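Given next, in structure tokens, is a single chain: the form predicted on its own.
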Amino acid sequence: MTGHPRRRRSATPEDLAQIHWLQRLAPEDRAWAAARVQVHDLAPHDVLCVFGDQPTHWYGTLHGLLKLSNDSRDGLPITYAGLPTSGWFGEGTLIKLEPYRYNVSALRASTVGSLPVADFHHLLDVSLEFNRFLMAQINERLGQFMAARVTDRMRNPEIRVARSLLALFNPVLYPTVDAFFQITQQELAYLIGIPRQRINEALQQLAVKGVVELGYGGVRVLDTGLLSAVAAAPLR
């Protein structure tokens, strides 16, 4: 299995407008980087990155939903993160120039932006704004991965769903995610690693508590404070 960067095209102005880190750069750096961004259109279940492959690009979800995952030693899948719209990832791997230690695949039809690894390192060398963005990104992602490992060991579906939803609504990693998040219960099941029926039961419990509202094709978070309280419940 190999990555899936084959359907590649130039970025349109609409694509570039969705790249939040691009808007933070100085004008000359922004124009330089924008000319080098490429776009990949992925079908559901297409693979973008594969464990052991050497990275060639830095990637971000412009539209859709990706999953960053791996297999445990006993062969069971471990999901590190869902990557919704505006989520860029893999900067640690590119900085160290090491092979991927995870797989990334599309849960639905998705549009992915990319910046070649050499251009990524050029921005590291010349742009203070880019470095500040990456520092915040890496710090936030580290906390998310640590929380995900704890969540994987939990048995309570309601808390697991709450923690996973809270991760998807992270304003630092995914600044353009709306209060109504378009995600199916099956997609949540793929992300969290529990059956769809358990996902449904957990969402119904959260809805009764006034934490979320279930809508057609998605979930609306009504109270992020309540969601955080449920997610912070003791491990059990």
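On a predicted model such as this, the values are computed, not experimentally measured, just so you know. When you see a residue number, it is the position in the sequence shown, counting from 1.
This next part talks about the form predicted in complex with the DNA, which is not shown.
What stretch, of 52 to 60, 165 to 173, 195 to 203, 22 to 30, brings heavy atoms to within 4.5 Å of the DNA in the predicted bound form?
Going through the listed ranges, the match is 195 to 203.
Since only the chain is shown here, I'm wondering whether Thr184 would be in contact with the DNA in the predicted bound form (any heavy atom pair within 4.5 Å).
Result yes; Thr184 sits at the interface with the DNA in the predicted bound form.
Can you tell me if Gly225 lies within 4.5 angstroms of the DNA in the predicted bound form, counting non-hydrogen atoms only?
Although the DNA is absent here, Gly225 would stay clear of it in the predicted bound form, with no heavy atoms inside 4.5 Å.
Taking heavy atoms and a 4.5 Å cut-off, does Leu16 contact the DNA in the predicted bound form?
No, Leu16 is distant from the partner.
With the DNA taken in the predicted bound form, which residues across 107 to 133 come within 4.5 angstroms through any non-hydrogen atom?
Residues within 4.5 Å: none.
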